[in-house]
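Consider the single chain below, provided in structure tokens and representing the form predicted on its own.
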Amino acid sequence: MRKFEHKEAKTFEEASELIKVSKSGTSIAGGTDLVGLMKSAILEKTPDVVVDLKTIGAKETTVNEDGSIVLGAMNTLSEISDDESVPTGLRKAANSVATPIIRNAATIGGNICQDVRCWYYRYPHNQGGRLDCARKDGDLCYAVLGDNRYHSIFGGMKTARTKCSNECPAGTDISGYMEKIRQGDWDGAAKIILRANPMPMLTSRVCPHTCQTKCNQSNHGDSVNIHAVERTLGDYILKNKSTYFPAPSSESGKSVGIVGSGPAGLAAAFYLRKMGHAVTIFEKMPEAGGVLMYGIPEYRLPKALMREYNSAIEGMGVVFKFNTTVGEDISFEEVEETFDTVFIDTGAWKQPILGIDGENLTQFGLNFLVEVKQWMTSKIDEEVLVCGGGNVAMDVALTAKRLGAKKVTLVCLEQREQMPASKEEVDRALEEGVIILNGLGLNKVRYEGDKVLGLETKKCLHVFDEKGRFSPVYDEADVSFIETPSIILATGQRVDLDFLGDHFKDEIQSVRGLIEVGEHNDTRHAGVYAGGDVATGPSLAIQAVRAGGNAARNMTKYMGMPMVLEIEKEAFLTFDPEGVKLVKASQLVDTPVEKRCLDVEDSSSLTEMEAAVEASRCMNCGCYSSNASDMANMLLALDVTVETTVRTLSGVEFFSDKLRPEYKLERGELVKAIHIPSRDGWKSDYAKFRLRKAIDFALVAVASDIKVVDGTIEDIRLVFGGVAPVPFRASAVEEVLKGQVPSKELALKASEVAVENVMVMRDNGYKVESLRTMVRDFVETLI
């Protein structure tokens, strides 16, 4: 038994205050959870204070003049079961709870707030060791692949944002769009991904997709091939760009200037234009896209895709001013004066100065990639040495190889497992014959006149210090020489802020020479925002996309307009019970090495059918346990309101909105009473299927409140228990029954509708049949 301080409260208000002033206090109202709470380690952390509400005493049930009933939260289930003023269904529900001993101790307030009946959650040690289930700040519901006979048949609910979404810099709801794809709803999937990322057709091809390293499927086989599914979804969106990139239906009257059209600028343009603002982009190059257009080879990101995306943005009404350099063709001050707000996304295109002898005879990697078309028309040196360990270095090395260089060598400071380039790109380079030398720093270029002889390197002992900061240490005595006539430096890029002019530059740049931005991507100059590499240094495209979206929302707010977030109410989570068993991921089909070239993409996208199969492997991580409270189902059917120490909540808000009712409550907020409305002519009932009386929780329960007039069902509220994470309001069945005369045919139809859209797991299929039978029996009792 863990230690805690026990305090007895005399009123709800006193109890509330005791919890508020404690560090991790909680309340308790009796029943079986009293012991279980402490000894079975349901809670991850031991509360420092447990406030006993039983000492408050029960409030007698009152019946108001209008016939409505007020139940005190401390009324025991036995008292409710014996009280003839309480609706029949509620009395039955209270009486159905376990044994008289438990009913004498358990309160209705405690019952409706009780925890789930899931052994993975309650008794993790009995399952072969500690299980950090999703309900306890873990990552996985073990019922997805384990014993799930008592779990939900209608799906689960989110306990937190999934690990894959957390890993995505844009926070994309990955499991959300996977679910839509499984349902064949590509439009729904597109809407979900576009909330966080308007260019999945591009990012899916260049992102290192670290999200996949966090996928729970990797514990059983391959992680879900998220980027492959995202790529097919992105292709679908671009194929239907008129649907997903429409011009706004109305104009806001506000205007925005964007300097630079990299991924951050284009993402900002999408969201800003969607909100009705007039958007103008100034771009010094002939085409938009920044590093996506000019810094990534065609074989990784086809330019046709980039151009099609740009045309989609233009179709929304975004105005591009190409070949226009801010700071030369137009001053930044003029841009700022012209628009209501400005976003800067000029990237990092400047060559860093390493300070080694002979550096002026090397080629800058990014320039090499920009000018690759010119290189294609000339003969490249037979041997090329590339310096750097990131994706740009990999692109340079592979491009040189495909241009015809007979030998391409790459040197970098990092050891192989430390290289910042994605493993996929490193593997591809090795596959095509690039030689990678790890753990070498640059010492100097050896040359005669303007002829390069080779690179002198020195051994790098370690790249990072004990705090993980970049701080390379060399063995200056361990020097080696690599003979080569051509050296390309791809060791990073710098940000150039000269276009801002001295006034603006001094005001908004950071000590690192970047633009300093806050959490809203705002700079120190009011109305000026920034994002992408110019604010972070060289980084991932998806991080730039997030910055663009974040800036767009906050720029809109700055211009005096509300930030509109498209968030739909979450339905129950579902997964494919057979799909999650697949251990092998669907892979993109790569072009054979001998057929790879510079101007054709190396791999082909999954078909929509193949992507749907891969999406079926997503476990849609959440909690799939069932709500355990008998009383909650019946109270929702009775359309009650719940009175707390702070406010009054509807039954839907309290029982159905969140995975646990407590999640609706503030710290220290306690349930005081339950108000049952008076409804003339209504009759309630409660039926429950369980294994045996000693086990009180319902495997399936049907709570009803119905009004029948002259043999016709005028109105009904029907709630299922034990089949979903929260009490399940059977609205579809209610619609079938309303206005109908009960009959065997109607009973059969209602029972079939009751089990539509169920998601049967391996062991809980019996619940479907039980629910179907109970609904049919319920309707037949009305005949």
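Computed from a predicted model, the values in this text were never measured in an experiment. The numbering used is simple: start at 1 and walk along the sequence shown.
Not on display, but discussed next: the form predicted together with a small molecule.
With a 4.5 Å cutoff on heavy atoms, residue 324 counts as touching the small molecule in the predicted complex. Contact annotation for residue 93: none of its heavy atoms lies within 4.5 Å of the small molecule in the predicted complex. Put simply, residue 146 is far from the small molecule in the predicted complex: not one heavy atom of it is within 4.5 Å. The shortest heavy atom separation between residue 138 and the small molecule in the predicted complex exceeds 4.5 Å.
Judged by heavy atoms within 4.5 Å of the small molecule in the predicted complex, the contact stretch among the candidates 242-250, 76-84, 183-191, 275-283 is 275-283. When you look in the predicted complex, the only residue of 429, 445, 392, 671 with a non-hydrogen atom within 4.5 Å of the small molecule is 392. Taking a 4.5 Å heavy atom cutoff to the small molecule in the predicted complex, the contact residue among 687, 305, 369, 628 is 369. Residues 388, 409 and 489 are none of them found to lie within 4.5 Å of the small molecule in the predicted complex, as judged by heavy atom distances.
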